[in-house]
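Next up: just one chain, as structure tokens, the form predicted on its own.
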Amino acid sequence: MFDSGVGGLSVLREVRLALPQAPVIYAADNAGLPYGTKTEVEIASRVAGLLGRMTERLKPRLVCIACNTASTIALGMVRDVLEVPIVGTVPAIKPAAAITRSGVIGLLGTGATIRQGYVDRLEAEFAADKHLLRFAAPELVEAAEARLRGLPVDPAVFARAADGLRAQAQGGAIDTVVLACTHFPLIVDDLAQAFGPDVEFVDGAAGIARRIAFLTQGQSWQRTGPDLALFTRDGAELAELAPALTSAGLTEIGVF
């Protein structure tokens, strides 16, 4: 499982439920965090390069890119160059369109994600008769990372995300919000407080877990060692993240 940081732990949580016996290597490119402020070329080259080296060294049976930004930009490229199944993460616009009552959907993501043509195509295919409002909320990535490190987070961060959607035309009618970054489900309770009780939040983690289970059905699992969290940069943050990683079943930490 690959993400720019610890956001992919929200996906790992669902994978654990679907495949509790599956051994996992969780790779976080914390040296490249945040992805949302980078260009498409920077993200594509970084993700393809890292996953190329990681799959060569670690030899996984499947790779999950547990990051909306990396997936919407680099998924096709990675699938072209790697010879293992690749499961990506894309904004959950389809399920959001199915459950909205007002027809107005909010989408929170990174700046890089919300401007992608991939998102335009998802909207055209699944929400053409809805009204989709997008807002870039990079502060939420920082908030999720801080929260998992046990650091305080200013509640105003969540209020600004809610206000960024509500302030747009028809924003007051939003009843469903797509969390188009895997970091955001980690702070969904804070977002729920900011948006109020009449908003439902949707993310793609459960669907990703089902896809991974489908692609590996019938395969046997054997864990020969502890599940591993790999980071691309060492630092004090790894010790701060250790409790959250351990609670996710990642009991060994290393640097790639």
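Counting begins at 1, following the sequence as shown. This one's a predicted model, so the numbers in the text were calculated from it and none came from an experiment.
Keep in mind that the form predicted together with a small molecule is not shown, yet the notes after this line are about it.
Listed residues 33, 27, 208, 51 were compared with the small molecule in the predicted complex; 33 is the one with a heavy atom within 4.5 Å. Contact between residue 176 and the small molecule in the predicted complex is not found at the 4.5 Å heavy atom cutoff.
Although the partner is absent from this view, residue 105 stays clear of the small molecule in the predicted complex, with no non-hydrogen atom inside 4.5 angstroms. The small molecule is not shown here, and in the predicted complex it never comes within 4.5 Å of any heavy atom of residue 162. Shown alone here, residue 96 lies farther than 4.5 Å from the small molecule in the predicted complex, counting heavy atoms only. Picking from 163 to 171, 123 to 131, 177 to 185, 147 to 155 the stretch near the small molecule in the predicted complex, with a 4.5 Å limit on heavy atoms, gives 177 to 185.
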